[in-house]
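Only one chain is shown below, in structure tokens, and it's the form predicted on its own.
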Amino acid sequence: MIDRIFVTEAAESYSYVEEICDRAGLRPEIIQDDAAYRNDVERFLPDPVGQGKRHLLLDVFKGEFFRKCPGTKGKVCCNYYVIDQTTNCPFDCSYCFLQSYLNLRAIRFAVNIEDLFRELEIVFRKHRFIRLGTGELADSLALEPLTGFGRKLMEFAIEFPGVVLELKTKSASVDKLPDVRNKPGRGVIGWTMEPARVVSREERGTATLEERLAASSRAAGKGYGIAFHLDPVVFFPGFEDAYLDLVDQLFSRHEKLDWMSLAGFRYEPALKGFVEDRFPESELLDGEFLRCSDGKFRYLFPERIRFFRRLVKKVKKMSPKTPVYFCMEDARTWDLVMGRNALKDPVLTPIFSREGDNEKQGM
């Protein structure tokens, strides 16, 4: 999965670097900084996006790791917080926005995790409830066999009451994670779930659907809450039955989830060229799209609403106590699919708590 490891001069003295290189069985290549990687390595790569995913850049991050999820302007926000410790991902999914978003093609991994833990401790000691994760700019567990970072972060975070830490992934790398039963905080493993057809066509290098399902059962046995993200829902011939069948498969393993999020495929205009060039066999762009108020292209509104109604009805029938919410959809979509008072539903209100906002402001 990783062919080369680059280490910046700032990171060279960290013992974590040696730990990662030993696990990878690779000799580190010392470079001055990330600019040196861009100038001396990246610009000579025939496929910077694809090849960069096999390069690990170990660096020291000097900014703030913890922030509020930015969401999307005009869309309902689920009040989630994110940790930006790793950027980019070794998996290669056709729909991934990182293809057109990042300006560094290697996987950047911050080795100064003690600074991260000090920052998080200040936040956690002031909280009453906070839900956060590491899966916005990277897969939380794709590099776990090399870095062990998910284990280190979970062991730290679950000692704080009221903390709900989600590790979001498309891998099956859960076996080295700590047992979290009887801990003050809560650990959740969240999987992006797609029908097998989408996994095989659009998600290069990821665990299969069956491997993810099996991993979710193993994680539950170690005390983890389980979350599934049907995001993005991709339209293809027969997609409705495929996603409804997927719901059957998910709840055949778990009677109740900590949460489930839903979202249709959407993309910034810049992503289209990457999909066309890098995934010529993809079905991702075959549907009809309309540019929305946030500048992103989405499937036609009536089609999205019709299918989301079927999907939500199915989920609620199979698991009434599972919180189901939309990611990056506007209030109109919520009203038409979930009902006008959806956000006041007692099943949803715990994970949409805004207490974290108050704590953040008090820092």
Partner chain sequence: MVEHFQKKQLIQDSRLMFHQGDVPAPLARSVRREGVLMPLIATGGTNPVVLDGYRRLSLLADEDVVPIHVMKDRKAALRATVELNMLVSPYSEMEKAGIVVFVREACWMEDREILDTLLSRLGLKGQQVVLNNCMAVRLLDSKLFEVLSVRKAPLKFAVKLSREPLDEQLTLAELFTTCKLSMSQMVQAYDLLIPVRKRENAVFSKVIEGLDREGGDVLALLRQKRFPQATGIRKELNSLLRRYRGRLKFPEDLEGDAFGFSCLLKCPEDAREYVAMLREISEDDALFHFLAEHVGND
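Positions refer to the first chain, counted from 1. Just so it is clear, the model here is predicted, and its values are computed rather than measured.
This protein has a second form, the form predicted together with the partner chain, left out of what is shown; the following refers to that one.
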- Query: From the list F91, F289, F117, F160, which entry has a heavy atom within 4.5 Å of the partner chain in the predicted complex?
  - Reply: F289
- Residue within 4.5 Å of the partner chain in the predicted complex by heavy atom, from S100, N112, S282, N79, is S282
- Contact between T208 and the partner chain in the predicted complex at 4.5 Å, heavy atoms? no
- State yes or no: in the predicted complex, is some non-hydrogen atom of R23 no more than 4.5 angstroms from a non-hydrogen atom of the partner chain? no
- Task: Would you please decide whether S217 lies within 4.5 angstroms of the partner chain in the predicted complex, comparing each non-hydrogen atom pair?
- Result: no
- Is there a heavy atom of L336 no more than 4.5 Å from a heavy atom of the partner chain in the predicted complex? yes
- Query: Among 303 to 311, 317 to 325, 29 to 37, 55 to 63, which stretch has residues with heavy atoms no more than 4.5 Å from the partner chain in the predicted complex?
  - Reply: 303 to 311
- If we check the partner chain in the predicted complex, which of the residues in 327 to 349 reach within 4.5 angstroms of it by a non-hydrogen atom? D330, R332, L336, R340
